[in-house]
Structures are given as C-alpha cells and as structure tokens.
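Read the single chain below, which is given as structure tokens and is the form predicted on its own.
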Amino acid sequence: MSKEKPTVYSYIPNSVPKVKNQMLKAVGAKSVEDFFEDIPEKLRLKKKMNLPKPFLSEQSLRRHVEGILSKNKTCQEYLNFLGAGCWQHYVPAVCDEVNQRGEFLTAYAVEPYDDHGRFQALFEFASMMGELLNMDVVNVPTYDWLQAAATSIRMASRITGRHEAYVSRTISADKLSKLRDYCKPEIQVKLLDYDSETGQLDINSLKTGISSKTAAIYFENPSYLGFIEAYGDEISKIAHDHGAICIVGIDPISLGILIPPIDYGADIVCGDIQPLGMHMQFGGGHAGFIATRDEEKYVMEYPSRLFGIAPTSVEGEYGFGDVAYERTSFAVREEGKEFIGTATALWGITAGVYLALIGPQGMQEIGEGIMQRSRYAMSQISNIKGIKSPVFKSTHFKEFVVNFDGTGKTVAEINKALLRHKIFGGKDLTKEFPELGNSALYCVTEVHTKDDIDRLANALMEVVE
C-alpha cells in the first residue's frame, strides 16, 4: 500500500516535509508527537478530527467559511431580549471609527516614544470613568467583569490580611465559578441568601455570617437578576463595622440615573464597560474595570496598569504614562501582586470615545429611556395569562425575571417557539436558580422601541396559548 502523500499547506509556514524534518532534527525530536509526550495517553484524541479536507485555494476556503457564516442568526435579523452580562446597546459609528484606527488597533504594549497617543487616550478614559463613578483611580481595563470582580476580592484580601469573602447568591453561576477559581486556594468565597420576594440581599444572613475573618462583601447593583439593591448603605456599614471592604459590581450605563456606589459606602467598584460602545459579538467584547479612592493601600494593590499625567522637562508640556509601575508583574515578574496579562486597552479607548460623545446629559437620558422601556415591557408581559412579570417586588433596571409556571410550558419550549417569530427570548434560569421555577431573564435597552416590545408580548401570548 502506497503512503499518503504529505500535504503542503498554503497558509502554514514550514509545512514542506523537508523543512519540517530539518526543524525536528535541530531540536532532537523524531516526530511532532515527541512534543506531546508529557500529555497522558488517556487525554489524547485517538481518532482523526471531524474536519474537511484541506482547502488548497483561497477561493475554496472563502466559500467554505462564508457557508458557515451564513448559518448565523444575528441581532440585525432578530429581535433580541437576551442580556445576562452581555447586552445589546446602541454603538455610535464614531466608536468603531476610532477603535479601528491603526495607531490604536495595533499599539499593543508599546512605549511612549512609539505610542501615537494611546497613553493619553487611556488616561482620558480613566478620567471620564472616574467622573462617572465619583472615584479617583481607574485601571486600564482587564479581560472582563468576572476577572475584575475576582481581582477586587484578591485586592481586599491583601489589604485586610483576611481570607474569606461573602457574595450575594443572586450572582450569575459563571461569575461565581470564576470568582472561586481565581480566589482559590487562599480565599474562600461564601454565599449570602436573598429575600425570596424582593431579591434583596438578606441582611440577617450577612450579620450572621460576617466575622473578623471576612476580607470583603461583594454584591452587584443592579443585580444579575435586574433588580436594584436598595440597602447598599446598610451592607457597607456592616462590612466596615467588621473591618471588611465593601466591593460593588455595577453596570456603568446605569450611573446616568443611579448614584455611584461610593455614595453608599463602596470601597472598590468594578464592572464591565461592554455597554459603553461595544457590540455583542461571540460573547464579547468585554473589558473589566476596577476603581478606588486615591489611597496608597488601594493603589499599590492594583495588578493592572494605571495611567497618569505629569509635567515634562518642557515648561507647560505634559506627558502620560504608568503610575507606580514597580508594583506590576511587568516590573517584578513572579513577585507581582497578580499577573497582568493582556489588557483590553482598545475597549478602554472605545469606552472613552463613547463617554466623551454621550456626556452627562446623554447618560441620564439613556438611563431614563431604559427604565421606561423595561417598565413598559414588564407591564405588557404581566398581562399575559399564566405569566408573572417581574418575579421580584423591587425596582428594576434593564433586566427582569419572568416566570412561566402558569403556562404549562418550559422556558426552552417558549424560546424555541419565539425563534419562529424571529425573536431571541430571555436567558433560561431554571438550572442557575431552580428555586425560581420555570423562569427566564429578559433584557430591554434603549435599542428597543414600543413596537418591538409589543411584538414580543404578542408573540409570547401566541406561544403560551
């Protein structure tokens, strides 16, 4: 039997057999398999992957990829009421225009002399975020809210020397998993109960659990389930009375109408800037921020890069650069507080463009518009027989829980039927929060019109009948 002729791939360098053999010989390997000998046999795939044969022409490859992409369903074709951490907001065209400029798009981890304005752009972003949050220090964005929250807890642990954190049980399962993974083995993450009628954090649960071992209390406002936490000042007071740090996770687009968390006692504020000029795309784009007061005990515990402004040797001239660079893992490597990793600086620049364009009055108008639309949606859906909307007796922002127990249909069945109406329904919560019964999390933002909401209500009425 003749041996199968090796394929030379057009787009993969060094795939010519002769070149590949020379490289293997240079490193003392007999085959590519030698590089994977540390991986246990039981973890190795023993069969060929289910992939098409190699495409040896650009035209064939392009046609194949376009065929795959044509199967996508997008928010341009469908009405979307999915949120749960990645939301559909309006993205002004200037955000895309600026973040695609070459000097920003390609300026990764560069120094000031070839920076092309990136440091200043990120300083401006941090300044506007600081104004929005009424806080002094804001980091260059990290991966996402999940990491920002986990890092905030680690910062609190280092500051207090304690190794226990309490988190509201209304947190998303994904975020809770990330917090526990990121904090172990040093920090134990424990859950606090919530009031079954209002969703609010159970103050008695907090008073019972908190102790001299507690480094931080973390809650979100608005919560993952959409309601606004009304007792932030009481939660932060209890935390402070026990020497713990109060951390609040927030959706920044809510701050046009809600007071910033520092006003009710937050020490560290974190969240995601995805609502500020970023499209929903494959679960992103996401970028987590952390904000604190300008106090050394907080600043020196940031693992992230911080940008500041300072006068140069030329009178009247200013420059932009790293603040306290020596605390980062870039400077001290394995002795750093945490590994910085890849920042999402491009999204920080994007959010800066968004905030500069919208301004304080615009943020207020967007917040009010979201509140009005979500309230109207809750009212219209609640008129449908067998549906309860919202589940919690609290004020909501943007998202709310809808219960379908009285319809005799599951959320999965309802969402599948809504697709026939070209509508993405709410996120199924039956696994995350089984105590809420057959419920889903719905999201309404400024992109939804009255006609959109009426279309959803009419489709739901038809689906559940």
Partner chain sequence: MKDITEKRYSGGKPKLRRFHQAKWDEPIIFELSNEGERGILIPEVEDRVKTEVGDVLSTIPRNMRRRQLPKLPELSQSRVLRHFIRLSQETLGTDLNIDVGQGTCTMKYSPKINEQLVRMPQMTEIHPLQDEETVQGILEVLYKFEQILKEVSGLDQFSLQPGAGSQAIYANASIIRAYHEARGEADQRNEIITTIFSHPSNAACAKTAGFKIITLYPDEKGYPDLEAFKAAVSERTAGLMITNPEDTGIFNPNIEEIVKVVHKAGGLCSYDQANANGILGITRAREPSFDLCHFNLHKSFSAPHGCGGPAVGAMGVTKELAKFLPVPVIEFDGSKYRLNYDRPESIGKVRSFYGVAPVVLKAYAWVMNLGAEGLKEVAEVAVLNNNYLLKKVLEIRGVSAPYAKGKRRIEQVRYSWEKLTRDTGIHSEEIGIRAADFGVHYWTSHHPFIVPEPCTLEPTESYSKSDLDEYVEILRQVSDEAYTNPKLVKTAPHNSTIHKIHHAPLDDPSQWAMTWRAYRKKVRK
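Residue numbers count along the first chain shown, from 1. These numbers were taken from a predicted model, which means no experiment stands behind them. The term rigid core refers to the most C-alpha atoms you can superpose between the two forms while keeping them within 1.5 Å.
If you look for the form predicted in complex with its partner chain, you will not find it shown, but the lines that follow are about it.
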property: Position in contact with its partner chain when the complex is considered in the predicted bound form, options 189, 340, 387, 238, heavy atoms within 4.5 Å; result: 340
property: Heavy atom within 4.5 Å of its partner chain in the predicted bound form - residue from 199, 352, 275, 249; result: 352
property: Region of this chain that lies against its partner chain in the predicted bound form, out of 190-198, 162-170, 207-215, 133-141 [heavy atom, 4.5 Å]; result: 133-141
property: Distance check, residue 184 to its partner chain in the predicted bound form, heavy atom within 4.5 Å; result: yes
property: Close approach of residue 48 to its partner chain in the predicted bound form, 4.5 Å, heavy atom; result: yes
property: Partner contact for residue 461 in the predicted bound form: its partner chain, 4.5 angstroms, heavy atom; result: no
property: Residue 157: touches its partner chain in the predicted bound form, heavy atom cutoff 4.5 angstroms; result: no
property: In the predicted bound form: members of 395-420 within 4.5 Å of its partner chain, any heavy atom; result: 395, 416, 419
property: Post core alignment: residue 20 C-alpha displaced by 2 Å or more between this form and the one not shown; result: yes
property: Core-aligned C-alpha movement of residue 435 between this form and the one not shown, 2 Å or more; result: no
property: Core superposition between this form and the one not shown, C-alpha change of residue 56 at least 2 Å; result: yes
property: Pairwise C-alpha change, residue 177 versus residue 39, in the predicted bound form against this form - closer or farther, 3 angstroms or more; result: farther
